[in-house]
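Take a look at this one chain, the form predicted alone, written out in structure tokens.
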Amino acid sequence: MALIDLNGISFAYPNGNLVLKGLSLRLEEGDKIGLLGENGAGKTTLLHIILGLLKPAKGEITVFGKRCETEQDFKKIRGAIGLLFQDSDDQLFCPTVLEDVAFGPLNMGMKRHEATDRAERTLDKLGIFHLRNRVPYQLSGGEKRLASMATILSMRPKILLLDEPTNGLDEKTGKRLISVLQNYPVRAWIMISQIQSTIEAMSNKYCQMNGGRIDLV
């Protein structure tokens, strides 16, 4: 059984731009898919459709063996799938970094001291414990990227959807993030990146988006 199974997905934006045309994709246990394609090919759109943030005009979405159609269906699976947004400002909204990273665990029902402890350990693993009391909007682009990743990892998802994870990071910090992710106990992930070295380091399968469809390469 596939962890995520997309079948015949079509999607157009309100301006009529049809970006996905009968796209199909299966994410199996252990898959680390590098998603390739030109800007505007629909890569980010695809990740948002998987989590129900966008609704396809046609097609079926099955996650963990269950068909997802309604908002209630998607709510049930979002806690198990971590989405790193392309823009870090979409992920950070609390007064401090620590509060942002603890928000997910708190929302999952953890006690505050447990959520805080998990958040601090996650920040430490990513090498940004020193940022815990900083205001997110005052961080550099690279610091925001790592803080955004911490908000995802603190929830311990089973699947990761990573939209340009090393964007804005210098080479040393990017390598550290890749190392953290490679050792993270996740069942599978889909990753978008324009950086060839990141794709090669983090993928065991490659998919090319072209003309609204997707092919293994």
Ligand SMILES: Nc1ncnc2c1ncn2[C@@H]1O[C@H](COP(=O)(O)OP(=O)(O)OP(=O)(O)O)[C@@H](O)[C@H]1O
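Sequential numbering from 1, following the sequence displayed. The structure presented is a predicted model; accordingly, all values stated were derived computationally and were not measured.
A second form of this protein, the form predicted in complex with the named molecule, is not displayed here; the remarks below concern that form.
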Problem set entry | Options 36 to 44, 171 to 179, 60 to 68, 154 to 162; stretch whose heavy atom lies within 4.5 Å of the named molecule in the predicted bound form | 36 to 44
Exercise. Heavy atom within 4.5 Å of the named molecule in the predicted bound form: which of 23, 202, 207, 19?
Worked result: 19
Exercise. Should residue 86 be counted as a contact of the named molecule in the predicted bound form, where contact means heavy atoms within 4.5 Å?
Worked result: yes
For this session: State yes or no: in the predicted bound form, is some non-hydrogen atom of residue 197 no more than 4.5 angstroms from a non-hydrogen atom of the named molecule?
Result: no
